[in-house]
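There is one chain below, alone, in C-alpha cells, taken in the form predicted on its own.
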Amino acid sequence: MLAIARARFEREGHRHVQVRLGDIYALPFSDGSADLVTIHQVLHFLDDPGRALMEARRVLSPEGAC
C-alpha cells in the first residue's frame, strides 16, 4: 500500500508528501512537526484509539489540520 501511495504522489507531482510505516502509538516525529495528520479506516481496529489520537495531536503543529 505504501508503494502504491508513493507512486501516485510521484505521478501527480506531490513533492512535499511523505508516506511512512510506523507505530501509531509512538510516531517517529517530533512534537508539532506535522502540518497534516490523516488516520483513515484504522481506529476501530486499535486497542486504544484515544491513545492513537493523542499521539497524532502531539505531532500536529498548532496551525495543522487533521
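So that there is no doubt, residue numbering starts at 1 and follows the sequence shown. Computed from a predicted model, the values in this text were never measured in an experiment.
Below, we refer to the form predicted in complex with a small molecule, which is not included among the displayed structures.
- Query: Quick one: is Glu12 in contact with the small molecule in the predicted bound form, heavy atoms, 4.5 Å cut-off?
  - Reply: Outside the cut-off, so no.
- Message: Check Gly22 for me: does it contact the small molecule in the predicted bound form (non-hydrogen atoms, 4.5 angstroms)?
- Response: Gly22: contacts the small molecule in the predicted bound form.
- Message: So, Leu53 and the small molecule: in the predicted bound form, are they within 4.5 Å at any heavy atom pair?
- Response: The answer is no: Leu53 has no heavy atom within 4.5 Å of the small molecule.
- Do Val17 and the small molecule come within 4.5 Å of each other in the predicted bound form, heavy atoms counted? Residue-level check for Val17: no, no contact with the small molecule.
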